[in-house]
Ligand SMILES: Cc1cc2nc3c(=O)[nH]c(=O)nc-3n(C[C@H](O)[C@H](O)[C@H](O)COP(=O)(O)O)c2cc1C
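A single chain comes next, written as structure tokens; it is the form predicted on its own.
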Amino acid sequence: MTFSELIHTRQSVRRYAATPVDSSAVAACLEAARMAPSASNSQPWKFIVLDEDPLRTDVAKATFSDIQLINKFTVQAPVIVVIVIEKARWYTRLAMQVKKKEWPLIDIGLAAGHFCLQAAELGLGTCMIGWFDEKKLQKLLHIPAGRQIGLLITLGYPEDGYSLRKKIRKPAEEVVAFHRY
């Protein structure tokens, strides 16, 4: 698959088969994420892999509630990866204050994108989750105080018959400009 085919194939998957994901595939996705670029090469991330119950299910249940049901599909995913934002290097933190930018958020986005693209190449589905009960997850996963959870990624084989949806993207002329806004 070419890179262009890969980026057009990758989509958020919200229905997973019960098929376990081979540990070598998980390792390949983690390696892709680990190799992502980051500001000042800080690599401000820690990946927590959940592939065993009951903890995986407990984490999945922290992504939805009686009011917010959109992430209920997470309980189907055989693997959930939690991305914890680690502290950037001291000089990167100083530059962030001067420039008023949160580079670790960008960095984990790049790492998550690498993870998801590697998964797609391996025939796996992913979905990035930004809605979750952070306090509950910090307690469940023994995440130290002062650390923030950036994202969760579900990982697994799409359910049989789960087809590529039509991706709605803004036309290039709405999102691309040359030489001025």
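Start at 1 with the first residue shown and count on from there. This structure is a prediction, so every number in the text was calculated from the model and none was measured.
The same protein also exists as the form predicted together with this ligand; that form is not shown, yet it is the one meant from here on.
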Problem - Close approach of residue 103 to this ligand in the predicted complex, 4.5 Å, heavy atom - result: no
Exercise for the section: State yes or no: in the predicted complex, is some non-hydrogen atom of residue 129 no more than 4.5 angstroms from a non-hydrogen atom of this ligand? Expected result: yes
Exercise for the section: Flag residue 170 as yes or no: does it have a non-hydrogen atom within 4.5 angstroms of any non-hydrogen atom of this ligand in the predicted complex? Expected result: no
Exercise for the section: Look up in the predicted complex whether residue 71 has a non-hydrogen atom within 4.5 angstroms of this ligand, and give yes or no. Expected result: yes
Problem - Which of 46-54, 121-129, 137-145, 31-39 sits within 4.5 Å of this ligand in the predicted complex, heavy atom basis - result: 121-129
Problem - Sequence-ordered list of residues in 1-32 near this ligand in the predicted complex, where near means a heavy atom within 4.5 Å - result: 10, 11, 12, 14
